[in-house]
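Below you will find one chain, with nothing else, as structure tokens; this is the form predicted alone, and questions on how it binds or moves follow later.
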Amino acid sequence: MSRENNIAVYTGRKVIGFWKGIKNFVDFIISIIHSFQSFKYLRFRSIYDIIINQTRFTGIHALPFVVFIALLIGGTVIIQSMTQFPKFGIEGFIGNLLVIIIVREIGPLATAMIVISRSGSAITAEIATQKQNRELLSLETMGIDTKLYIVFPRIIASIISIFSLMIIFDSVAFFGGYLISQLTVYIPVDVFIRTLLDAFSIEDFIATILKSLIYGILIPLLCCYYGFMPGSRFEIPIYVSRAVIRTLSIIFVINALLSALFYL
């Protein structure tokens, strides 16, 4: 077989595999939607407990990482901008720069990356382990819809956690970064706050809410989808890796599309 034919076969297999993956994921979403018919049979207390525990792990336990990264990024951006902008006579645009870099791009992406690497991988590994230990089968034997019982609470918890973490990330990056920057450059507080307020727009607020909503739905959906897939214990690390890498890739694409939608 010629080299051109090998390339064509390889490309064809990749395209078919990609299409099958999309189809299977859509079927997974449809099955979750259909499972809402049994929602009334679930105990509210059990759902509530899962949401609280998942929110604690995804949101509260991730706070140290979010605060640390936000401080570093905020301080670095402010120091660099106040060091370089005066050379061009545009130091009054620091607020616009901070909003563009932190609120619109880095804040949502950094938050999503932290959630995916911590909670997303944990969700996939947890579900895959429960499946191999036949815990999911035990739930189904008791008449519990496992997809609704497992996926729905994690979506609610992820939406709450990601939105809260985005707000915290932006706030810490701005004001924590400002305090750090005072060690290197001096910026009057009133000037800093005024430039920030002038740079904010209603589009920034709407985009933040929309991104937190989309990320909060997609991240647990994708990670749960891959959690149900392993057929043996040996496949668990493979699907955890796939869940993290592919969820990150999709989030980057969606972030770019939303940015183009709101700001172009």
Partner chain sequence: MAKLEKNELRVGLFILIPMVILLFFIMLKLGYSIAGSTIDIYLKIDSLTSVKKGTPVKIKGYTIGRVVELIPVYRPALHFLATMRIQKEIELYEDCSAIIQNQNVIGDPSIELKNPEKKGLLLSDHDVIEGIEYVNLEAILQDVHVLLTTLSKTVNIFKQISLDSRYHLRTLVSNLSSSVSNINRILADSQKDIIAVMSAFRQTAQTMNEISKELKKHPLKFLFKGKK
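On a predicted model such as this, the values are computed, not experimentally measured, just so you know. Residue numbers count along the first chain shown, from 1.
What comes next is about the form predicted in complex with the partner chain, which is not displayed.
The partner chain in the predicted bound form is approached by Asp49, whose closest heavy atom lies within 4.5 angstroms of it.
The partner chain is not shown here, but in the predicted bound form it comes within 4.5 Å of a heavy atom of Leu197. Interface membership of Ser171, defined by any non-hydrogen atom within 4.5 Å of the partner chain in the predicted bound form, is confirmed. By the criterion of a heavy atom within 4.5 Å, Leu210 is excluded from the residues contacting the partner chain in the predicted bound form.
Checked against the partner chain in the predicted bound form, the residues Ala122, Ile167, Leu72, Ile79 give one hit for a heavy atom within 4.5 Å, which is Ile167. The single contact residue among Ile180, Ile160, Ile100, Leu109, judged by any heavy atom lying within 4.5 Å of the partner chain in the predicted bound form, is Ile160.
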